[in-house]
Structures are given as structure tokens and as C-alpha cells.
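The chain below stands alone, shown as C-alpha cells; this is the form predicted alone.
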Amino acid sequence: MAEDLVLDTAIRDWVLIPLSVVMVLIGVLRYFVSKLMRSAQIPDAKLVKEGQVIVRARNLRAAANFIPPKSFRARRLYYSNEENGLLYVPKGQAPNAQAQMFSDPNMAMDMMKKNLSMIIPQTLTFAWVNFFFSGFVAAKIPFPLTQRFRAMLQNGIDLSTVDVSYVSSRSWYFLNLFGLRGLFSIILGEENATDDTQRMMQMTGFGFDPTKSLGAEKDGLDIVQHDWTMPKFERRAEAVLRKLVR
């Protein structure tokens, strides 16, 4: 049977609150360091053009039913024509994102800076937490949890008799690491450089490939079932007017 623990208020004052404050301050500091390390880059005109084409194609799909069928077919042909359509990319002309990265040293350097600005502070912070706060039970979740959460919430505590709702100091570190995105969005704005989950996803790839977005948008535009809604509005307005005349 799980045991209930009585947490000392000193743990709250000297472990829980300092750890949370340090994580927030490190995130803010990393944001400004990333801004200083970020090199100014001139946007590629081709990428900007392709992005605008994707936005226009999405707007066409969203408002397809508000234009006549003939106009919609003409616009769809303009975008998805396999000879000169804006969304059509020949198979042999698709750019290689990995080769593009290695051909541009600034892109590789910026990715290295971003990865270093994430890895070094988090490695030092984890070493600090593991050295000073290892083995502490820092907090308790105010609702019951199943045994599946034990490995996530009680990292560093090898006691199966402790209730799952208790959180260790090491697990509290990881919860702050991946759970402070909303707070950073409020403090630093939506476009902040402290999203660790997005950074880790970027480390597994080599940048954005606009060719896939063009192809996906072309496929989505091809399968749109056009249903012009204006005649329905006209018939509905006619029915309302006839009721008023009667």
C-alpha cells in the first residue's frame, strides 16, 4: 500500500521554488543569448515566393465554394497544372535539404549555435539539480495517478511504496524543462527561442523542405469537391422574400 508523506515546508522554500525560479531565469537568459548569437540572414526570394504561393493556395481551398465553378477550375489549373503550375515541382528538380545545408556554412553554423545554446545550459542545470537536490520529494500532485506515471514523476527515488502523486526533484526539473513553454510565451512572446521540444525535433532533421509543402498543397487542391453556395443563398433569399410578400 502506498504511503502518505508529510513534506517539510523547507523543501518548498529551498528546493521547489528555487528550482522553478532558476529554470525560468535560465530560459530567459537563453532567449537573449540566442538572439545575440543569431546571424542576420537575407531571406531567399525563392523560398518567400513559394511560401506566398502556399498561402494563396490554402486561401483558395478555404473559399472555394464562394466562387463560381468555372472560376474555381481556372484557378486550380493555374496552381496544379503539371506543365507550368505554381504548385507543381518536377521530380528531378526537388532540392535536397541536407545538401543545401552543407552548401551554406551560415545555416550549419546557426544550427550549431542553437544546439549549443540548448545543450550546454541544460547539461549544467541537470548536473546542479542532480548534485544538490537528488533524492528530494519536492511536491505532490493534487489528484490521483496510475502506476504508469511513477517512472515520469519519481525519477531518482527507488521506493515503490511511495504514492505515485509525489514528485521528485529530478522529475520536477524535467516537468519545468518541457512545461514552461506557455509561461515563456507570455513573458517573451510567441516567437521565442526557448522551445526545447521544437529544438530537439530540429536536431533530427536538416531544415525546412518547401517541396513537400508544395506537393501536399497540390494534392489537397486536386481533391477539393467544389460546391458553389451562392445559388443556395439566392434560393433562400427568394424564399424569405416570398414569405414577406405573402
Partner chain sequence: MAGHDESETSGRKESEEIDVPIFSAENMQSNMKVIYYSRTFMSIIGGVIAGILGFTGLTGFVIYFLVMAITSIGLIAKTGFSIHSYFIGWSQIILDGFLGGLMSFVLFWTFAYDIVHIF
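The structure presented is a predicted model; accordingly, all values stated were derived computationally and were not measured. Positions refer to the first chain, counted from 1. Rigid core: the largest C-alpha set superposing within 1.5 Å between the two forms.
Same protein, other form: the form predicted in complex with the partner chain, not shown, and the subject of what follows.
The single contact residue among S168, N176, S80, S117, judged by any heavy atom lying within 4.5 Å of the partner chain in the predicted bound form, is N176. Residues with any non-hydrogen atom within 4.5 angstroms of the partner chain in the predicted bound form fall in just one of 126-134, 71-79, 154-162, 141-149: 141-149. Annotation: in the predicted bound form, residues I11, G182 and S185 each come within 4.5 Å of the partner chain through at least one heavy atom. Proximity of T229 to the partner chain in the predicted bound form: non-hydrogen atoms within 4.5 Å are present. For N65, a non-hydrogen atom is located within 4.5 Å of the partner chain in the predicted bound form, even though that partner is not displayed.
The closest non-hydrogen atom of I17 lies within 4.5 Å of the partner chain in the predicted bound form. Although the partner is absent from this view, A239 contacts the partner chain in the predicted bound form, with a non-hydrogen atom inside 4.5 angstroms.
A movement of the C-alpha atom of I26 falling short of 2 angstroms is seen between the shown form and the other one when the two forms are aligned on their rigid core.
Core-superposed comparison between the shown form and the other one: CA of M230 displaced by 2 Å or more. When two forms of a protein are overlaid on their rigid core, residues whose CA moves 2 Å or more are considered shifted, and L180 is not one of them between the shown form and the other one.
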